[in-house]
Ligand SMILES: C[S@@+](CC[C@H](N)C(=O)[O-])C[C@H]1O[C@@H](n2cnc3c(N)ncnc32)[C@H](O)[C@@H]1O
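Quick setup: one chain, the form predicted on its own, written in structure tokens, and binding and motion questions come after.
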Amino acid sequence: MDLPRSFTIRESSHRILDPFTSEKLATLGQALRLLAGSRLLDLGSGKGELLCTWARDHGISGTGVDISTAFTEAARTRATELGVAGNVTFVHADASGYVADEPVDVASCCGATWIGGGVAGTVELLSKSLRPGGMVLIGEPYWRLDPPDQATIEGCYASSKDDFMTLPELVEHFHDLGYDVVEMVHADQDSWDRYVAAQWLNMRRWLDENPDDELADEIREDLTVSPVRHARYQREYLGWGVFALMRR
């Protein structure tokens, strides 16, 4: 049970595995008005930057769950670096169906709603770990602009236009699920650049060091295609944000 090795190659230098910068992640933590002692569950926790920095900055504790052995180990290392290893725990497991042993104040899934089969299923999954009056965090892509053709849709890593909603549609969808949207913080084009372009440098350096690896052709193809795809499609058409929800 693990992610393909190509994922860890592309994001080898990343601490945040989505189009948030450290500043945007900090802004989100501040916007939520987190109280010291709050407990969080983060499904698809990646390298643990959300939990680790919020534990340091806000005095929270929590558990992160991720399917990647490499990312989970990086999260544990990060917790030690920031002096919060006693406050956060990282579990290597499939986050699909994971429910906390005790109710938490915040349950999050930032960029991995496949664990619940989409937004609605992931919100339902997170709600199973949430105390009454707690908060759900969902990180999700949306269409910034209406994609004009199938090439644009596929250039944004979708198979059809229906794979993503527009921002108003996504907010309405949360409402229809029975939740108030109480905060949101969005990636912008610059933070998308920082996320995606850093992958290109990771891939190039890996290729220089591993020219005969069995993944070299796949990584070379990705590095050849990805910059054009991002500039032509993803940067203009695809948005991404984290939404804080509270059940009505």
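So that there is no doubt, residue numbering starts at 1 and follows the sequence shown. Bear in mind that the values here come from a model prediction, so they are computed numbers and not experimental data.
Quick note: we don't show the form predicted together with the ligand, though the next part is all about it.
Enquirer: Taking heavy atoms and a 4.5 Å cut-off, does W114 contact the ligand in the predicted complex?
Expert: Because a heavy atom of W114 falls inside 4.5 Å of the ligand in the predicted complex, the answer is yes.
Enquirer: Could you confirm whether L238 comes within 4.5 Å of the ligand in the predicted complex, counting heavy atoms only?
Expert: It does not: once the ligand is placed as it appears in the predicted complex, L238 has no heavy atom within 4.5 Å of it.
Enquirer: Within a 4.5 Å heavy atom cut-off, is A93 in contact with the ligand in the predicted complex?
Expert: Contact check for A93: yes, within 4.5 Å of the ligand in the predicted complex.
Enquirer: Please tell me whether any heavy atom belonging to G46 falls inside 4.5 Å of a heavy atom of the ligand, as the geometry stands in the predicted complex.
Expert: Although the ligand is absent here, G46 would touch it in the predicted complex, with heavy atoms inside 4.5 Å.
Enquirer: Within 4.5 Å, heavy atoms only, one stretch in 114 to 122, 150 to 158, 168 to 176, 75 to 83 touches the ligand in the predicted complex. Which?
Expert: Going through the listed ranges, the match is 114 to 122.
Enquirer: If the cut-off is 4.5 angstroms on heavy atoms, which of these, L34, V65, I219, V196, is the one near the ligand in the predicted complex?
Expert: Filtering the options by heavy-atom distance leaves V65.
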